[in-house]
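Starting off, we have a lone chain in the form predicted on its own, written out as structure tokens.
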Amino acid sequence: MFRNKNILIGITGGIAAYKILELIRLYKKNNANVKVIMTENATNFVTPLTIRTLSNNPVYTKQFEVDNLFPEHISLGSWADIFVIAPASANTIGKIANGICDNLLTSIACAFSKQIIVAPAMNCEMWNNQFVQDNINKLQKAGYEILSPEAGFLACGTSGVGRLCAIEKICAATYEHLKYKNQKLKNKKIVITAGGTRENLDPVRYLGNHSSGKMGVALANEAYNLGADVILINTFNHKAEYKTIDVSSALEMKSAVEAEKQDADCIIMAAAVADFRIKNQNEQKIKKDDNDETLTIELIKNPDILYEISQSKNENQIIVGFCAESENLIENAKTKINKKQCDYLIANDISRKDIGFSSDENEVYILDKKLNIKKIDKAQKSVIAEKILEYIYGEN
């Protein structure tokens, strides 16, 4: 989610400072690099040692503690992709809004040319103070994003608007600002399939599989965040900012892929497409016959979409297949990429209960035509998607 992103956090003096420990943990869990600056008053609520332990980086508190040629308010500002001030006290908000730079945090804010997010937290009467609201308006007009405090019981014993907003809201706002920073796939059309196809037996029953579509959605989200024109062909209802096409059966998926294939730069077949379909689909519900202990259903092969698009691909197209195996993962994957003739094959072990179907995590191997193999260790599917696209399109 935040892989290779540098997030600078500014903590000011307030009881909500302890909540930022969870924000740091959440950023780090999603692969961000985190550095923290604290005002002197903030150190009365949480210790720099705790922050340093969680962030795995030094904690900055003094205006002129420098170990290099550049003052900290310049070097930290250059390092960071985004600056998040939380909790933001009325005092610090007033200083920033009026250009006062009497500590490291306010000096960085004054010199910072990228996005700043401010999450205020204070007593409800302070929040409603006209001067505080005037300062908030100044920051908003200057391009700061203000994550307004929430209503609830406050540390001072009263109730009202003043509580720091949810940590998840701060994390989501950070992501929204950072997700468009790297546009390496801009002007590339990427078609991705997701989910398990359904082959109807009758109007009630179908032949299907356990695929949740989470890996395909993760790839679509990451490709979109990298600037690609994404087409997601999926077997479930999924609302997104990019184009989605709903299909059900393998034949419907084949038609949708073929319709989008011609001008696609890359096609990623992450869907679990049924190998067989019902030969004679019943238009009415099949009734149970009490005299029969068995039911015979004749199946016929579905078209091999991955093989067909690999055979007919344009010169510069990239075709990526997926391989779900319950045994002999690498051997079967090598056989499959030779047979399908796609450019890359993503192999994962569906026998493991901690990854794969319906899980939010995965562990995969990427194979290319020369049978080079790269392992991506177990991680969130969003991270797996990021690393797959990095591998296909290069690290830079």
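Residue numbers here begin at 1 and follow the sequence given. Nothing here was measured: the structure is a model prediction, and the numbers come from that model.
In what follows, reference is made to the form predicted together with a small molecule, a form of this protein that is not presented.
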query	finding
Site check Lys214, Ala274 and Asp304: each within 4.5 Å of the small molecule in the predicted complex by heavy atom	yes
Contacting member of Leu185, Leu76, Ile93, Ala324, with respect to the small molecule in the predicted complex [4.5 Å, heavy atom]	Ala324
Heavy atom within 4.5 Å of the small molecule in the predicted complex - residue from Lys285, Lys279, His210, Lys141	His210
Proximity of Met122 to the small molecule in the predicted complex, heavy atoms at 4.5 Å	no
Contact of Thr61 with the small molecule in the predicted complex (heavy atom, 4.5 Å)	no
Lys336, heavy atom within 4.5 angstroms of the small molecule in the predicted complex	yes
Partner contact for Phe45 in the predicted complex: the small molecule, 4.5 angstroms, heavy atom	no
Stretch in contact in the predicted complex with the small molecule, which is absent here, among 163-171, 82-90, 105-113, 304-312 (heavy atoms within 4.5 Å)	304-312
